[in-house]
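Form predicted alone, single chain, as structure tokens, below.
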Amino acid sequence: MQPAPPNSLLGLTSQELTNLVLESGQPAYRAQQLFDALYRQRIDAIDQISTLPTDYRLRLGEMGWQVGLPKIAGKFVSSDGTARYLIEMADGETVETVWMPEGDGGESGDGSEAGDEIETSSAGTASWRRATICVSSQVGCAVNCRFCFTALLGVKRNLTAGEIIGQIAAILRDQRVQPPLQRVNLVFMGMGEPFLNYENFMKSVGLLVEGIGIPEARMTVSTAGIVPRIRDFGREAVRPKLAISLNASNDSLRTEVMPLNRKWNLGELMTAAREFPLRTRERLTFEYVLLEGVNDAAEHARELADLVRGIRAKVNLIALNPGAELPYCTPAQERVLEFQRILVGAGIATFIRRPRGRDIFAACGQLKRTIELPSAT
């Protein structure tokens, strides 16, 4: 994979910024000024850091430093308010990041966790009570899930911590979101497998908490099942919630739709899930994409119930978001509901995810760096 471009201030920790200013002959407190400007103020150019002396701003530029905020190369807005952003990095590589107002798609079922209602301002324009940003961690993806558009791209490189944070900062700027950010959720479920870019992902989490101001309790990371990293993740002092992309109820079926299962099979994965150290009131999430005639039968639901029984967890069912490039079809709603009924009847908390932004290729599994929308029919 190609390396990311260097000399970006965004992604540096407080200690790294302190080292930088001291090496430049500046007092240590300049590091906090830089940190605040980068993360809390979300500036996009060094000359905007008014707390720094003009000569030091010029010096940083002469040294080759830049803020490193990525460019919004494209923005597409769905009829449901979801926005898909094409984010361009300094080297020209692009990823997609999704803004979902009023929640993260919502869930339905017994114990429903519905999305928030839309508020209307006195001027009559819609506003949001809560929103979710779906963040990418790699340019493309190395995990060849057969039902996912992103898998068709392969993987070009990992994103740096600054590029991960930069997606969020760019969207918060575009959406004019001001602190505090207690109503913004983050899901690391965009392009790429976060646990194959573990160090940069975890570094970004720390900076998002300390700098941007988004609590770890409002973050969720999804993995296709990188078992050693699941164990590492459980030992982190600061970490998001964990979701595991399961998508099959037995090994032969999971290997068919997720070839990664050959490396870490369901037995290994479920052992790691059962041993994962959950915090008070925390639950694991198991994600299950339903593919018509492949993994959506009643027998699969019963096998899935046996797999997850005894784990403090919930299951999110996602009816496949279709596309001509994929070899699968979306099951009928009645079949999805029957699958849910079997799981709920077995005592498994199960929810059906409402698709968001499907009309602009922004729904789960649809991210593929698309620069145009489907033609009207």
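Keep in mind the model is a prediction, meaning the values are calculated, not measured. We number the residues from 1 along the sequence you see.
Keep in mind the form predicted together with a small molecule is missing from the figure; the text below concerns it.
Colleague: Going by heavy atoms within 4.5 Å, which of 79-87, 223-231, 268-276, 157-165 lines up against the small molecule in the model of the complex?
Modeller: Of the stretches listed, the one contacting the partner is 223-231.
Colleague: Using the partner position in the model of the complex, report whether residue 99 sits within 4.5 Å of the small molecule, counting heavy atoms only.
Modeller: Because no heavy atom of residue 99 falls inside 4.5 Å of the small molecule in the model of the complex, the answer is no.
Colleague: Under a 4.5 Å heavy atom criterion, is residue 128 part of the interface with the small molecule in the model of the complex?
Modeller: No - in the model of the complex, heavy atoms of residue 128 and the small molecule never come within 4.5 Å of each other.
Colleague: Examine residue 149 and determine whether its closest non-hydrogen atom to the small molecule in the model of the complex is within 4.5 angstroms.
Modeller: Result yes; residue 149 sits at the interface with the small molecule in the model of the complex.
Colleague: With the partner left out here, check for me: in the model of the complex, does some heavy atom of residue 295 sit within 4.5 Å of the small molecule?
Modeller: So residue 295 does not count as contacting the small molecule.
Colleague: Heavy atom within 4.5 Å of the small molecule in the model of the complex: which of 320, 336, 342, 46?
Modeller: The residue in contact is 320.
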